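Next up is one chain by itself, shown in structure tokens, the form predicted on its own.
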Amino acid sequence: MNAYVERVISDVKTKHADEPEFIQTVEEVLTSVSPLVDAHPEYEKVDLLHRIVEPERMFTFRVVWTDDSGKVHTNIGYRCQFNGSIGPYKGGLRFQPNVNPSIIKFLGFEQIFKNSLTGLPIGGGKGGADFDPTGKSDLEIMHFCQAYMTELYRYVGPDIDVPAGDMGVGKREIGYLFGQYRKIKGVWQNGVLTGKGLSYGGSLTRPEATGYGAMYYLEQVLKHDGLDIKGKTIAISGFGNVAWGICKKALQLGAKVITLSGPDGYIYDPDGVSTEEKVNYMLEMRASGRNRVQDYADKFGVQFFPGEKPWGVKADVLMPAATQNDVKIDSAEKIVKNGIKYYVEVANMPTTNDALKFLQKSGLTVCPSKAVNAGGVSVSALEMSQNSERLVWTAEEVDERLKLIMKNIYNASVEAAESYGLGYNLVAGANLAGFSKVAEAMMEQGIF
């Protein structure tokens, strides 16, 4: 490994010792781009790596709101504007009780290179709050979103920072956030948030985009091996919007999703989530606020495995689509033992570094999340384009653009890995392709 890379990783581990998620993603990215740093000694002269691993700015603020009983609550809100060298900061807002500076930084750092891979002019950022929307009434969620935007509005705008949704933040929450922004600013800037409702500037297929993009990426991977996606069995985790998009596109392409998971366990459906009724029921599950995948098992009479994860299920493809660090080394060993050939990360950093290395060494084709799940931010950027031009594209137009973007991301990753003598390494290729564009922009814009 390049000595400069090693030193920066060591410094990050020291300076950010209490931020494990952030350390993990920095180590994974910088290790992959070591050959690129070898080829560009000028990076060390301007200390580019130390600059790229520190956010340009990060805001922390209190969010005070009142519940239905009149009780006052105080949460912590965050927005990390990590790197804006290729465009306005872009990245979602996550409302979950485990949100902390480490998670926000890791998500923001990943977002830099994910957004770079899309080929669109958007920088990397992330935000959220340690607010748990589970079990909250609609009115309570509105009050929280309004309080959150009352603090956030100072730092965002169409040419500054454009947040979107993430875990715990869907179309409803984006609506409340946008309404409060409009009230405070007194202007119609519909490009300030993406993931909006269709009635006020949203884009068709945005809710499905991450799942759709993941399936389009998988198509390219299978084509590389001379295989058709039709008839393939897929085991996934999660049952939210991303999993729903995967299932919906799998149904269209003739593939079969056989597992879903939640905090309570996972379901195994040997017939697959392969009817419109089953796919649509996933929306009902999410809207219920119960956060239980067992509801699917009860409705369709399939097996439910309480407290377990679906990593021991045999399938052609495995797609973790729930949350970070969901697949650890013990799960990776089960995956290899089951003979799974394709491991496609859809959630952000769903695999621990040791598990990821083990899967790669075991000969699996590993597809990294920053490439696979870039479909969501791609359609968000397309939404920004539609907003700026006051246009509304058809679902077919958006889908075609998304398919082309995912194909380009795949090709760029393959070409980058091969150009540095790494063979067919999609993980390293994605990091190299995404990093090189950001590094070039930073070099051209001077030292700051």
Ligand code: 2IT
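So that there is no doubt, residue numbering starts at 1 and follows the sequence shown. All values reported here derive from a predicted model rather than from experimental measurement.
The next section is about a form of this same protein that is not shown, the form predicted together with (2Z)-2-iminopentanedioic acid (2IT).
Checked against (2Z)-2-iminopentanedioic acid (2IT) in the predicted complex, the candidates Val257, Val377, Ala147, Leu218 yield a single residue with a heavy atom inside 4.5 Å, and that residue is Val377.
Proximity to (2Z)-2-iminopentanedioic acid (2IT) in the predicted complex, defined as a heavy atom within 4.5 Å, holds among Ser261, Gln111, Ser203, Gln81 only for Gln111. Here the chain stands alone, but in the predicted complex its contact with (2Z)-2-iminopentanedioic acid (2IT), taken as any heavy atom within 4.5 Å, falls in 86-94 among 133-141, 233-241, 270-278, 86-94. Contact annotation for Glu345: none of its heavy atoms lies within 4.5 Å of (2Z)-2-iminopentanedioic acid (2IT) in the predicted complex.
Mapping the unseen interface onto this chain, Thr194 counts among the residues with a heavy atom inside 4.5 Å of (2Z)-2-iminopentanedioic acid (2IT) in the predicted complex.
Contact check for Ala164: a non-hydrogen atom falls within 4.5 Å of (2Z)-2-iminopentanedioic acid (2IT) in the predicted complex.
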